[in-house]
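In the form predicted on its own, a lone chain appears below as structure tokens.
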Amino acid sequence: MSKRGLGWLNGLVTSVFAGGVMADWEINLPEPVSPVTREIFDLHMLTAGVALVIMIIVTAVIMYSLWKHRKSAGFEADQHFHESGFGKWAWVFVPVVVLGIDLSIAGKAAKVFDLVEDTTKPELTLKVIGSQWKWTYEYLEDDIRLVANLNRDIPETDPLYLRDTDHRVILPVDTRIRFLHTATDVLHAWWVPALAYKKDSIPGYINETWSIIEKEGVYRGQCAEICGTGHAFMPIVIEAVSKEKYAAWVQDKKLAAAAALVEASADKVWSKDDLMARGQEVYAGNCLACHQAEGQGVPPVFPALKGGLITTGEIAGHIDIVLNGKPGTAMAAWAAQLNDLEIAAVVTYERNAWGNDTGDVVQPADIKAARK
């Protein structure tokens, strides 16, 4: 039977037994678009096919036995079955059959495991950092940093609800990509079934996976490790493009970063309105996942910023905790991740949003002085 046939047969059995619990009709793994996920998919189909055949045979034998040997037909149990040749040798025959089935799968599985652990030198390295509840991506060769949060503007009726992000991860096709996985707080797991296999993201530890994306398109995934109350709000969106488009995207990101750095380092005095607008963008991209849209936080892990001691207290203390974080807590240091303008803007925003209304305005020069 072909793989497609096995897939349909497996799907039919699944639909019969799963019934109302199925979310949709996508009852198999997504189409693989990389060498390693294709091998994993083939192993999955082989295992599913073998299991399906075994289930059909065993079910048929059970149904036949129940019907043939029913009491109403006058059947009496054979009290000496164990003395027959079959009764004696079945204890050897059955384990040999089971072992043979296992070995038929094990050979294929060993090849897949070897492929998974292949450490051939990559052309591109992407560091993936999981945090509650967002993903941070660092393109190590190009010095590009990208933070991806859940796109909260999509309504519940939309098919992409909880499956879209505010920023997509752009990657080139036909390029060997190494993914380095880690986390800042708890266990996460970055998983895009079509192009990359699952490995845990562990705080203080680096795990490695790889992929060669063979087809342009948009591929979606999700955090696959229960990481807290926001676990469902960590989607992954990969956009695979041609090498030429990827090179142009990298160039655009570098130019934008350089322009932002020049803008942040200028001795310009910003208006409160401009800082609030910029600060809202910075907050949405970096702080919202933990401290929530209205600054209510997720106590006690992520304290409320609305009416909080930090956001309504001394400005110097507020700037210090944003720059340097707070050891022993989930509050990370942002000094190396945000420029002076971004930190000044987000501090100004937090001190004047959600009814805090302190009236305080923090300028990039204040942040520059605090870094020294």
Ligand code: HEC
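Note that residue numbering follows the sequence shown and begins at 1. The structure displayed is predicted, hence computed values, not measured ones.
Missing here is the form predicted together with ligand HEC; even so, the following discussion is about that form.
Residues of just one listed stretch (106 to 114, 198 to 206, 286 to 294, 164 to 172) have heavy atoms within 4.5 Å of ligand HEC in the model of the complex: 286 to 294.
Using a 4.5 Å cutoff between non-hydrogen atoms, P303 counts as a contact of ligand HEC in the model of the complex. In the model of the complex, at least one heavy atom of W334 sits within 4.5 Å of ligand HEC. Mapping the unseen interface onto this chain, L309 counts among the residues with a heavy atom inside 4.5 Å of ligand HEC in the model of the complex.
Ligand HEC is not shown here, but in the model of the complex it comes within 4.5 Å of a heavy atom of K326. Between the options V36, I315, M45, A330, the residue in contact with ligand HEC in the model of the complex by a heavy atom within 4.5 angstroms is A330.
In the model of the complex, not one residue of 195 to 227 has a heavy atom within 4.5 Å of ligand HEC.
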